[in-house]
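Before any questions on how it binds or moves, here is one chain, the form predicted on its own, in structure tokens.
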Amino acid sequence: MSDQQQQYSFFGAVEKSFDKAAKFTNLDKGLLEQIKQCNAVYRMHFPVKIGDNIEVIKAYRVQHSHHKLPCKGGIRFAMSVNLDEVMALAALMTYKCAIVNVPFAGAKGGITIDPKKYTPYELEKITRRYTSELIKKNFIGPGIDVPAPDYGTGEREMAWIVDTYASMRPGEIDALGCVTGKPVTQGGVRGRREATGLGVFYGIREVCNMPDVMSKLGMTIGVEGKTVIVQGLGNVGYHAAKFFREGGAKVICLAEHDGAIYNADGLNEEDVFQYKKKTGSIKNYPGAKTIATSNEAIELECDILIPAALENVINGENAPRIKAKMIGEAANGPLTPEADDVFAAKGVLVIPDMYLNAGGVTVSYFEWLKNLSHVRYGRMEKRFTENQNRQMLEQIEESTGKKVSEKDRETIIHGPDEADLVYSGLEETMIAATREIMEVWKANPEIPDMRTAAYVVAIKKVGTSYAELGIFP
């Protein structure tokens, strides 16, 4: 059956994946139904003066689950934003948080605008008004619902949100925890910007270090020497490309919405980014072959394909032409359920978005904890650790009579600062989540793919939370 005949909404696709996994759990039907549904949906329209005219802005906030509080999820600014998409992304956030053991329930927000069509002042007015609407209905707060950046938003928008919230909740000591992804000067955490891309790298690297998985795929162990194609050079795609290149892989193709570039010897994402900044496009990048469309680029031969753009870019129609041995979903929902079926039949490993791009929410969790504790990571222990390490090194040098080089001395003595601790926490989270999913998959050979295994892990954890709350037996 073709995609044309078998159309699913994005939320419908999430529900289909949920149902596929639910049969591998022994949870009550009523409980499964509760986990699947979106608990609270807020659709709003509000007026904002743009130039000499008044525009009515359409926006959403969806809280998928309340099995834990606060809810957590990004805010997207795009013309494609609609209720179905926001519900789907909120549901994925619930499962994502459960898999990586972050104590949040899933939420998502969005404003149906093209941010490029507005001045920074106009965007600020829209963002602040949206925030005030959320406050009015109790859809934001450090213990209620904590937004974050998503497609079309960033640190600037998060700073506007926290400022609006703090001004409308004077004296609330934990006000900074009402949103994450803020600038470091406004209570943000170091390492948040690159978190999702770095999490994608850690997750795929852990799979690449599993000898049995690599043997099945006919690949060598480790990421070194692997050929990688990244679709989307936004924040996530850029950092995923960066960490793969630094890890010894070859990023042979970078694809954007208006075309792609290819170089068999590898591309440097920073050079490409600077070229795009200067010319407005990655096309005709010196020393690379330009490919007309992003769709053509993702069908090129490679070891690892990383779709890091929007949802549903790989479907039942183009999946048979994809030549990658492994697909790492850095974007939300880049594959349709039909594409999953094609890849399962072909023996292509799909590492699912619902945990692979959880780096953002994991580091958002660290930022939220920092805001609630009111102290920067590393402040209490950095000097203490360095002094201890220095004393130990001096003792070793004295007893052995050998001196350590200046470079090695710095490395050994170095006490962790905020970014070091954030990276370490993220690495531990992604490795533990990857292993847990793989163990569930291996324990039940009937589970068809890694996505279903990830859903099984998530559903069981959310179900356990409801049972512990005493809502379900």
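Just so it is clear, the structure is predicted and the values come from calculations on it, not from any experiment. Start at 1 and count along the sequence shown; that's the residue number.
We do not show the form predicted in complex with a small molecule, though everything after this point is about it.
* Looking at Leu305, Ile161, Leu335, Ala308, which has any heavy atom no more than 4.5 Å from the small molecule in the predicted complex? -> It is Ala308 that has a heavy atom within 4.5 Å of the partner.
* To do: Quick one: from Pro103, Gly234, Gly378, Gly247, grab the residue that has a heavy atom within 4.5 Å of the small molecule in the predicted complex.
  => Here the answer is residue option Gly234.
* To do: Would you mind picking out the stretch of 182-190, 335-343, 225-233, 387-395 that comes within 4.5 angstroms of the small molecule in the predicted complex, counting non-hydrogen atoms?
  => Checking each option against the 4.5 Å cut-off leaves 225-233.
* Asked: Is it the case that Val207, Thr434 and Trp441 all touch the small molecule in the predicted complex, with a non-hydrogen atom of each within 4.5 angstroms?
  -> So, no: the whole triplet misses the small molecule.
* To do: Report whether the minimum heavy atom distance between Thr131 and the small molecule in the predicted complex is within 4.5 Å.
  => No, no contact at 4.5 Å.
* Asked: Taking 4.5 angstroms as the cut-off for heavy atoms, does Arg76 touch the small molecule in the predicted complex?
  -> Although the small molecule is absent here, Arg76 would touch it in the predicted complex, with heavy atoms inside 4.5 Å.
* **the small molecule contact at Tyr151 in the predicted complex, heavy atom, 4.5 Å** => Looking in the predicted complex, residue contacts with the small molecule include Tyr151, since a heavy atom lies within 4.5 Å.
* Answer with yes or no whether Leu198 is in contact with the small molecule in the predicted complex, where contact means some heavy atom within 4.5 Å. => Contact check for Leu198: no, nothing within 4.5 Å of the small molecule in the predicted complex.
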